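Following this are structure 1 and structure 2, which are two forms of one protein chain, each written alone as structure tokens.
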Structure 1
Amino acid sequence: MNMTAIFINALAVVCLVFALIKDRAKTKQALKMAVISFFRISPTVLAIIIIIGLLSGFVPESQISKIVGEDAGFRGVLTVALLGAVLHIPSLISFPLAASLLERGASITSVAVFITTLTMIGMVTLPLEIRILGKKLALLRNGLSFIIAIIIGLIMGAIL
């Protein structure tokens, strides 16, 4: 365990003790909600771990680099942008997947675009968004977000 993880866990324990001292009932209620959230998100986490394992085991680094690496160019960026737009996973869980892609040859631009489109685009939630915001606004928001996500990824790739 690295120092950052130790620090974050120690801080969480200190905050938990402080919360217990301040209001035991609310802290217990918060812990119950956290446990429920943990079990709700567990299948997604497990699926991502399986995907990362399969990705690591069956897809060679050269193939990942070819599809979403530096050599893939804008086609690779567009591929991960579409993938990020279609997938509906919590962004917090996408970070290990993105790190795995980065370690296996994906470019920083592609990984940044993947995370950005994942958080900004909602293809799965688009019908709900259309119902609430209207078709024109929902499509405009998602379309502009798609373009902006790619621009953000390109800037991240240029900076890093």
Structure 2
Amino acid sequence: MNMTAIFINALAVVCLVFALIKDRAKTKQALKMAVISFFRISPTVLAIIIIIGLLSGFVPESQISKIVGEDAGFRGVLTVALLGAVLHIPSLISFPLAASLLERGASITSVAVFITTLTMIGMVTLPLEIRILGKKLALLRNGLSFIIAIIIGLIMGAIL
């Protein structure tokens, strides 16, 4: 078990103890929610883990770096940005996927851009966002998010 995992589990235990002291009924409700969302997210987690396995077994590193690596250039960055905007996978699961891509030749820029557009932009939820917040606000937010995701990725690629 690495340090991060220990830290996360310790944090959860500390928060849980505090919550139990503060309000038993609410804590029970929170735990129930945790169990439900754990089972809710499990199939997707397992599917992504299978995909990561297949990726490392069947897709050679040269291929990955050609599409999302340093050599892919700005077109590669744009591709992952669009992919992140369109795909609808929980961001929790995007991190192991991003890590495996990084291990296998993807550039820091494209991984950072992918995570950022994946979380900030929701093509699937855009109609809902327009209905609730108005066309102007929703389109501006999603459009500018796309641009800043690329800027963030480029800066990260430059300094890391």
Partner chain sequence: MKKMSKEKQKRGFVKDILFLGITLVIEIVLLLIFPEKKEPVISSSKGFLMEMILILPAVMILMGLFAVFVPNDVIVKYLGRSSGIKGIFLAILMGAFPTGPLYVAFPIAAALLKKGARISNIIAFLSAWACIKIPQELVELQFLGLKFMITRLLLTVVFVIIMGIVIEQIILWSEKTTKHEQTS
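For the two forms, the rigid core is made up of the largest set of C-alpha atoms that agree within 1.5 Å on superposition. Each residue is numbered by where it sits in the sequence of structure 1, with counting from 1. Just so it is clear, the structure is predicted and the values come from calculations on it, not from any experiment.
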Would you check which of the pair is the form predicted on its own? 1
Co-membership of I64 and A106 in a rigid part between structure 1 and structure 2: yes
Based on C-alpha superposition, what is the hinge rotation angle of the smaller rigid part between structure 1 and structure 2, rounded to whole degrees? 16
What's the distance in angstrom the Cα of F18 travels between structure 1 and structure 2, core superposed? 6.2
After superposing on the rigid core, how many Å does the CA of Q29 move between structure 1 and structure 2? 3.4
